[in-house]
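Just the one chain here, the form predicted alone, laid out as structure tokens.
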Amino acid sequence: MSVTLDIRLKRANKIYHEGETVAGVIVLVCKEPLQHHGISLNMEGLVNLQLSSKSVGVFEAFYNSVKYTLRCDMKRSLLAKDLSRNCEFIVHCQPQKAKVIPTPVNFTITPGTLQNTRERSLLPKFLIRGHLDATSCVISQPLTGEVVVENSDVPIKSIELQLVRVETCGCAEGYARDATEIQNIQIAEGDVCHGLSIPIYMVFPRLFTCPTLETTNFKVEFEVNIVVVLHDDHLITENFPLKLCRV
């Protein structure tokens, strides 16, 4: 006898906020009469913390490790197999009421502006300009801007956008900081035309981002890197801290 058990929530996107009711129905499909010993429904919130290899415990992939699940179980007789069904849903923090005023950020990248460079004289000459429309971003809206390669002595191989989540955890022994790449998008390939505006457009991944969080003992922050790869394998990177919020 074929029996199927399913959980169907009223909200198609399965997104809820604090104080809201998670509502839906349990659907049981069976063509014949079915005996059982009761149907139970449980909700579980699970946080999976993984210690870093550093001396201070840092949990990795923080936001992706928080999971909310509905579990439905139907007990059957000894000779019949019990039925079970899980349904994951998402809990968002309450949106902030204040408006986010976008402030454009202009940037210029040359050999002289690069940091953490040991032998600056060996770098090829280049000039890259551009802007981000905002670094205080609404998490449900894309990060936008543009980049322009004015000139470069070495042909360009590609231009990429790298989104990084930075988790900082501290205690009496000190602080530890872990950075994890959560998205990489190529916005240009090959030796692009000089003076041509290349659009920057990145949608924040729903399962790997959250509003920027700062507490006494830990922080969850985000950064975006504009990475220019030259044909001689030189990497040119410009870093921009982001503040994500939900409105």
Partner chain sequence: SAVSEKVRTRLEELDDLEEVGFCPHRCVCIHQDYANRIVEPNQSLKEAWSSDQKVKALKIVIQSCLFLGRLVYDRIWTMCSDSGPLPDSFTVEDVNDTAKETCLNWFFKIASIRELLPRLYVEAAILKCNRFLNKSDIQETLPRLTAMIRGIGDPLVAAYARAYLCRVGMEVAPHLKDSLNRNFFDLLGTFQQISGESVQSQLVQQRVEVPEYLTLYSPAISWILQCIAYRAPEPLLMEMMERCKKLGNNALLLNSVMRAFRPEFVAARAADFIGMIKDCDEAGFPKHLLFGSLGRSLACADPPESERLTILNEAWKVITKVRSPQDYINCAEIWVEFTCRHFTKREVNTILADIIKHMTPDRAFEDAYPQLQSVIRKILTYFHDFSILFSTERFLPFLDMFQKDSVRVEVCRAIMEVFIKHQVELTRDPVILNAMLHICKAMHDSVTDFFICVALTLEDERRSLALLIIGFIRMVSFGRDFEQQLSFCVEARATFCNLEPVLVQLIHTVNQLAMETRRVMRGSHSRKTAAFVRACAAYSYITIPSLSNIFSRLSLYLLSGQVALANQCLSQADAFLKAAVSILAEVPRSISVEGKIRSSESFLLDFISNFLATLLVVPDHPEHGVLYLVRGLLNMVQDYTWEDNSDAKVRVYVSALPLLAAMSQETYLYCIPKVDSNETLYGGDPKFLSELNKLCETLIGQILDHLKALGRDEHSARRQSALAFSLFGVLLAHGDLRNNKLSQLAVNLWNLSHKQGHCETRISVRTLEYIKHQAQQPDMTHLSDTVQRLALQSRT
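Residue numbers count along the first chain shown, from 1. None of these values were measured; they are calculated from a predicted model.
There is another form of the same protein, the form predicted in complex with the partner chain; it is not shown, and what comes next is about it.
Within 4.5 Å of some heavy atom of the partner chain in the model of the complex lies at least one heavy atom of A188. Using a 4.5 Å cutoff between non-hydrogen atoms, C210 does not count as a contact of the partner chain in the model of the complex.
Heavy atoms of V192 reach within 4.5 Å of the partner chain in the model of the complex, making it an interface residue. At least one heavy atom of N13 is located within 4.5 Å of the partner chain in the model of the complex.
Stretch-level contact analysis of 30-38, 217-225, 195-203, 66-74 against the partner chain in the model of the complex, using heavy atoms and a 4.5 Å limit, identifies 195-203.
A heavy atom within 4.5 Å of the partner chain in the model of the complex is found for exactly one of P124, P102, P155, P95: P155. Residues from 30-44 do not approach the partner chain in the model of the complex: none has a non-hydrogen atom within 4.5 Å of it.
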